[in-house]
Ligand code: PMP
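A single chain, nothing else alongside it, follows as structure tokens in the form predicted alone.
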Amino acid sequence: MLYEISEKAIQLENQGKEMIKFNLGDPDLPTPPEIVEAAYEAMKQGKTKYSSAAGEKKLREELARIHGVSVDNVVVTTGSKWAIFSLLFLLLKRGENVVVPSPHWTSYELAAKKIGAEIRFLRRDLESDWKVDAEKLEALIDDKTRLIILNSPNNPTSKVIDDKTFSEIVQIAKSKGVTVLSDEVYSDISFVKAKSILDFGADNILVTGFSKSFLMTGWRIGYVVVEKELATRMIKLNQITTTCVPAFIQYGALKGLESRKKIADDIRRQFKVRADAAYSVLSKSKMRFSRPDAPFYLFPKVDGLDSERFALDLLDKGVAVAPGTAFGDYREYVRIALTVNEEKIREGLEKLCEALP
């Protein structure tokens, strides 16, 4: 349904209808010009040939320095989505399972199913402020569990897992011989401090990228920090599938790392204004929701709402949202991506509130 809504919104735009699109996590802000210029300069210098399947050495070295690991632990990937699929493909066999706190990013579920693995969801709720219950998570683990996937800050709730809970989950995983895969693609732009899996040692997996924290969604560049043996396997998989991330894109990303803090601070500041604007509108409605800990999402609830029908009907009013069912068993919820300017946020959310049953 997430992709169906997206296609319908595009069709309506092509027919001349003005749409306020809250349905995708693709921010309207442009990629920083220094990144664009660096990629262009790399192209002019001939960085348009095949690159290493592991990633350009200079970029890997800088990422290794940032995370305090060896360059052999870093693999550059065609976006974080491909990184996650690759890891599930390499680490899971048919009949094994992975545990995921829900609501969750839909790609985890679709990738696991494609491989033939079972995915076990730990349901969270708004009433607990989307807390992860470590004891309930542990109860889902058995001798066929290979991975726990964490996403903090989370898509769609924009909530950060607190330090105590994160530590408990890591300890549970260690005691059970299970690997934690931590998707931290929103971490650098979080409004609050977000714990990283690397804070607990290098025997688990970090997945992140440049799409959100460097406004490079269409560039398709991510990376992983993993143990050397798994890094080698990922590189081999890249060699027979995507081949490499174009070198000129990697040089753009490398340039972005020089201004990493400034870029993240600018994104954080602008999206905090947007989150506050959304809060001021939605707090006057019947919607119930938690304040976000990070860009870009709100995940409000309306008791009795059929979010799929609501999202489809809302398109006729020129507003696109993602139904909660795209992120698990959350039919009474919608995900709102604050990826348009403040004026459009207020206009779109007022229309949404007016349309509520």
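Note that the coordinates shown come from a computational prediction; the quantities given were computed from them, not determined experimentally. Note that residue numbering follows the sequence shown and begins at 1.
The discussion below concerns the form predicted together with the named molecule, not included here.
Exactly one of the stretches 147 to 155, 95 to 103, 254 to 262, 123 to 131 approaches the named molecule in the model of the complex with heavy atoms within 4.5 Å, and it is 147 to 155.
Checking K159, K195, K212, R274 for any heavy atom within 4.5 Å of the named molecule in the model of the complex turns up a single hit: K212. Out of the listed residues S80, N238, N204, S190, S80 is the one that sits within 4.5 Å of the named molecule in the model of the complex by at least one heavy atom. In the model of the complex, at least one heavy atom of Y108 sits within 4.5 Å of a heavy atom of the named molecule. At a distance threshold of 4.5 angstroms between non-hydrogen atoms, I84 is in contact with the named molecule in the model of the complex. Heavy atoms of Y186 reach within 4.5 Å of the named molecule in the model of the complex, making it an interface residue. Using a 4.5 angstroms limit between non-hydrogen atoms, R220 touches the named molecule in the model of the complex.
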